[in-house]
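A single chain, nothing else alongside it, follows as structure tokens in the form predicted alone.
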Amino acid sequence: MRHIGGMSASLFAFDNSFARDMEGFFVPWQGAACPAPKMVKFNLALAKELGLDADALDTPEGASIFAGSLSPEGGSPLAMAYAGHQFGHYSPRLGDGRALLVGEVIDTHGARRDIHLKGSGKTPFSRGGDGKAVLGPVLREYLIGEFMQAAGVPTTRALAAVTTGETIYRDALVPGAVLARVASSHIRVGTFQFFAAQGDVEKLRQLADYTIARHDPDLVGEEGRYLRFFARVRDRQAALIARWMGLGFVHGVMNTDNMAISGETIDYGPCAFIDAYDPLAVFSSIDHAGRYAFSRQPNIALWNLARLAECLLPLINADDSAAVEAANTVLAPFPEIYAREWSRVMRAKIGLEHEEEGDAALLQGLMRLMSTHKPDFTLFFRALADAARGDAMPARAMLGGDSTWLEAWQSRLAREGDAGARADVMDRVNPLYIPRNHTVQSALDAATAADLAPFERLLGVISAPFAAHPGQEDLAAPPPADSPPCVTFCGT
């Protein structure tokens, strides 16, 4: 055990089941030494939720741990092995190329959580990369994860952001940084693909049984558990993507190695949020064909699930034909399940609590109008709440001045009870503030130049995104008309 400044690094009550039970699924590894680790942002609320000693971790010693240069007592740092389809092309060996799973803790709710470092240096999976991260993308992941948490979307979260004291070259010289990330697990579709491609059925079974025990423990030892497990993953993904769509979120890189079995959003790389409604919105600099465009995310989730199903076939049934038939039986309802989840999300956004037969047509009519008139996706639903209170002019203007849909909606809303009460409910599900691309970029640019004030200001409002924050109205506004298109990048 190493010590810094006389303080023991024994600060975590680790219970490292993956390191203990899954030999052969990872490479033990240590983070790179850092010249001058420094805490930039520590997530005090999350630390308390994890049952950690926040005062002891929000220190230089804590910064060394979260940079990866100090291994905490009881930790079992390792680089996980996985494969994946990246933009539809299979890569048989990806793995944690710049990340380490430090260990697992049991949080105050009794849930197992990974503590994971991103940007902690080269590993055997680095494939020529430098294994580093830089401050801007680290803080982007911090911001987006905290917004998703506040908005009720399953997500990984940042526990800490630290700078390393290094200067890293990307397009320019920028501060090196590491993100300490917390997740229910880091098991991905690509984790299953890695061992399926090797034809190692026993390793697949071991992985599936471990994952079931961790995420679906009621299925442990059950007959047909692998097919039932696949159905659970399907349902989690359908619910997750529907929530993304309800917020105008574009993940940007829905590769199979970025789809977590837990159903949490993971890897906020080239992600962004739409401003003006655009079903084909793409922000990633490398998504030239629009594979991961906003409206295509449900179909990509289905495609990724099909890849998981292929991995599970030998576990579902030793007879390949029977396994394929069974897997397809589970996979086929995904569009219907997703449509049901999306309808639930969108009905809530327009104030409808009870489902009626014509609701689907009402929602589809709204989507057609939005495709034509391209209102600001976030502010439109806040304007719709104002319409429920009696001021329909802003919402009508956003829909090109056409009152037809609004009148049909108001008639439908009347059957839900008091319109003013429904408007209040709408304001509790439709954020006023989102991490708008221009405000995020401005905050990250300032942080890279050592000014954290814009980051802290933005974090404050998106961590409580449904309430009005007096004096912060500019953070709710769309980008200026002359703003350049938002472009985001992978691998930074």
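Owing to the predicted nature of the structure, the values given are computational and were not obtained by experimental measurement. Just count from 1 along the sequence shown to find any residue number.
Below: the form predicted in complex with adenosine monophosphate (AMP), not depicted.
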| item | value |
| --- | --- |
| Complete contact of 82, 95 and 170 with adenosine monophosphate (AMP) in the predicted complex (any heavy atom, 4.5 Å) | yes |
| Region of this chain that lies against adenosine monophosphate (AMP) in the predicted complex, out of 217-225, 119-127, 239-247, 355-363 [heavy atom, 4.5 Å] | 119-127 |
| Heavy atom within 4.5 Å of adenosine monophosphate (AMP) in the predicted complex - the one residue of 71, 211, 86, 343 that qualifies | 86 |
| Candidate from 299, 76, 184, 258 lying within 4.5 Å of adenosine monophosphate (AMP) in the predicted complex - any heavy atom | 258 |
| Proximity of residue 132 to adenosine monophosphate (AMP) in the predicted complex, heavy atoms at 4.5 Å | yes |
| Partner proximity in the predicted complex: residue 267 to adenosine monophosphate (AMP), non-hydrogen atom cutoff 4.5 Å | yes |
| Any residue of 138-165 that, in the predicted complex, places a heavy atom within 4.5 Å of adenosine monophosphate (AMP) | none |
